[in-house]
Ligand SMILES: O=C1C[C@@H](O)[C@H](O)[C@@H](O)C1=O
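The chain below stands alone and is given in structure tokens; this is the form predicted alone.
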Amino acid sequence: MLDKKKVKLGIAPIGWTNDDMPDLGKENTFEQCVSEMALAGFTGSEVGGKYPKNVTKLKKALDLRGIEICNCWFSSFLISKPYEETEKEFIEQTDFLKAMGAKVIGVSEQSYSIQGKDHPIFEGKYVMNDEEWKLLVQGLNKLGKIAKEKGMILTYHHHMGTVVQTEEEIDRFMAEVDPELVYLLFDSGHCSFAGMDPVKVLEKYIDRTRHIHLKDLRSDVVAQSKKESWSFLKGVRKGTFTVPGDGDVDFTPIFDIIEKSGYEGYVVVEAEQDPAVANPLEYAVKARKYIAQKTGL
């Protein structure tokens, strides 16, 4: 059982409205999204594109529903643009998150990413050279220092279609960044999708993990995605991902690692699906029940 004093449970708005594919869930409002999160029994949320940018307005809406902000996606371009451009936006984002009471920001390097393109997700992913690795690591260490000085934590989100996707890339990344400044955002779905054992990755890096995405995977859809050379986004539309307990990822050992490590922070259900096919409230309730049954949260 997970310690409720240490581990908090959140859910991402991407099940209601998809920022990468705005037609998915365009009918779902911000108010509906956060109301249904609360109704399903979640107390944390990541920031979505439809969320108010005004801190007072957003806080009021969330306070009414007993929800707090726990993280926000941040796209860095450290290997393809001047560092200063990323830093400026990073400072704005961390200031906003701090004002909302969040402790974590989730960074993903988006230079040359194919995750948002009409490009087969299993073919031709960009691979960094040593100079680019150096730029990425140095840039993230600098951003991590800025976050730390603000009382925040920079977590890095390994992700399909990006420069840190494979087990080898995660290992190199973790070996090269400053462990006092840059932490891991572990995602069970992206590990599984990339062909890794999520248990092995989490076991190795749980002590350096500060945010966790609980995402399930339908392996039959992944197999079809490979066979038919789908893009990442087409896979999402077709149902690559689902909520914990509804797919093929075994979460029992993942929850065991979280419990034994004494992990403190958020575990967040993050499963992008087509809301017209997978009713967001129904799937949020399904995830909530499964996690309660497995962890006591």
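Quick caveat: nothing in here was measured; it's all calculated off a predicted structure. Throughout, we count residues from 1 along the sequence that is shown.
Just so it is clear, the following notes concern the form predicted together with the named molecule, a form of the same protein that is not shown.
Open item on the list: D23 versus the named molecule, in the model of the complex: is there a non-hydrogen atom within 4.5 Å?
Closed with: Close contact is absent here: in the model of the complex, D23 is far from the named molecule, nothing within 4.5 Å, heavy atoms only.
Open item on the list: Against the named molecule in the model of the complex, would Q115 count as a contact residue? Criterion: heavy atoms within 4.5 Å.
Closed with: Yes, contact at 4.5 Å.
Open item on the list: Can you tell me if I14 lies within 4.5 angstroms of the named molecule in the model of the complex, counting non-hydrogen atoms only?
Closed with: Although the named molecule is absent here, I14 would touch it in the model of the complex, with heavy atoms inside 4.5 Å.
Task: Non-hydrogen atom contact D216 with the named molecule in the model of the complex at 4.5 angstroms - done: Because no heavy atom of D216 falls inside 4.5 Å of the named molecule in the model of the complex, the answer is no.
Open item on the list: Which residue, Y51, Y266, F251, F232, is the contact with the named molecule in the model of the complex, using a 4.5 Å heavy atom cutoff?
Closed with: Contact residue from the list: F232.
Open item on the list: Only one of these stretches, 88-96, 223-231, 185-193, 138-146, has heavy atoms within 4.5 Å of the named molecule in the model of the complex; which one is it?
Closed with: Of the options given, it is 185-193.
Open item on the list: Pick out the residues of 150-164 whose heavy atoms come within 4.5 Å of the named molecule in the model of the complex.
Closed with: The stretch 150-164, when checked against the named molecule in the model of the complex, contributes H157, H159 at the 4.5 Å heavy-atom cut-off.
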